[in-house]
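Read the single chain below, which is given as structure tokens and is the form predicted alone.
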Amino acid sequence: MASRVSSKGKGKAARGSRGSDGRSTARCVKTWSTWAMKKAKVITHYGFIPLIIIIGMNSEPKPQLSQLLSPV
């Protein structure tokens, strides 16, 4: 009778470990995506204006830097 109780316990533990593997994978994906989005936000924040300036400097006719930065 004691062996039956312990086998039931093992069965529940085995099912729980499968579920926790799925949960840890989901948690890992969620953590990674959150980290990636935070990095992308910082890169976009600090890289957008320099990108526009570089694109403007490579266009024809080639403006000078002061012309690109002036509002007029």
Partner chain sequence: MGSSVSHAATLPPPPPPPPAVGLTGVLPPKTEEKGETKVDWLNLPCPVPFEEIQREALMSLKPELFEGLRFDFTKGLNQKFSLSHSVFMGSMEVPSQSSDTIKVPTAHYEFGANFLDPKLMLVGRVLTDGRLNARVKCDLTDNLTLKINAQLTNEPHFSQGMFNFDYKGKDYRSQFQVGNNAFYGANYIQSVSPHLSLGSEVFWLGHQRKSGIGFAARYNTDKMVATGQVASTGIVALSYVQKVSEKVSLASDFMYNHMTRDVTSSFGYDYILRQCRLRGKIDSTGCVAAYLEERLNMGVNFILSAEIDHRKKDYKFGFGMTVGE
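Values in this document were obtained by computation on a predicted structure and should not be read as measured data. Residue numbers count along the first chain shown, from 1.
Beyond the structure shown, there is the form predicted together with its partner chain, which is absent from this document and is the topic of what follows.
The candidate spot formed by G22, W35 and K39 is out of contact with its partner chain in the predicted bound form: none of the three has a heavy atom within 4.5 Å. Mapping the unseen interface onto this chain, T31 falls outside it, with no heavy atom inside 4.5 Å of its partner chain in the predicted bound form. Within this chain, H45 lines the site of its partner chain in the predicted bound form, having a heavy atom no more than 4.5 Å away. Residues F48, I49, I52, I53, I55, G56, M57, S59, E60, P61 of 46 to 62 are found to place at least one heavy atom within 4.5 Å of its partner chain in the predicted bound form.
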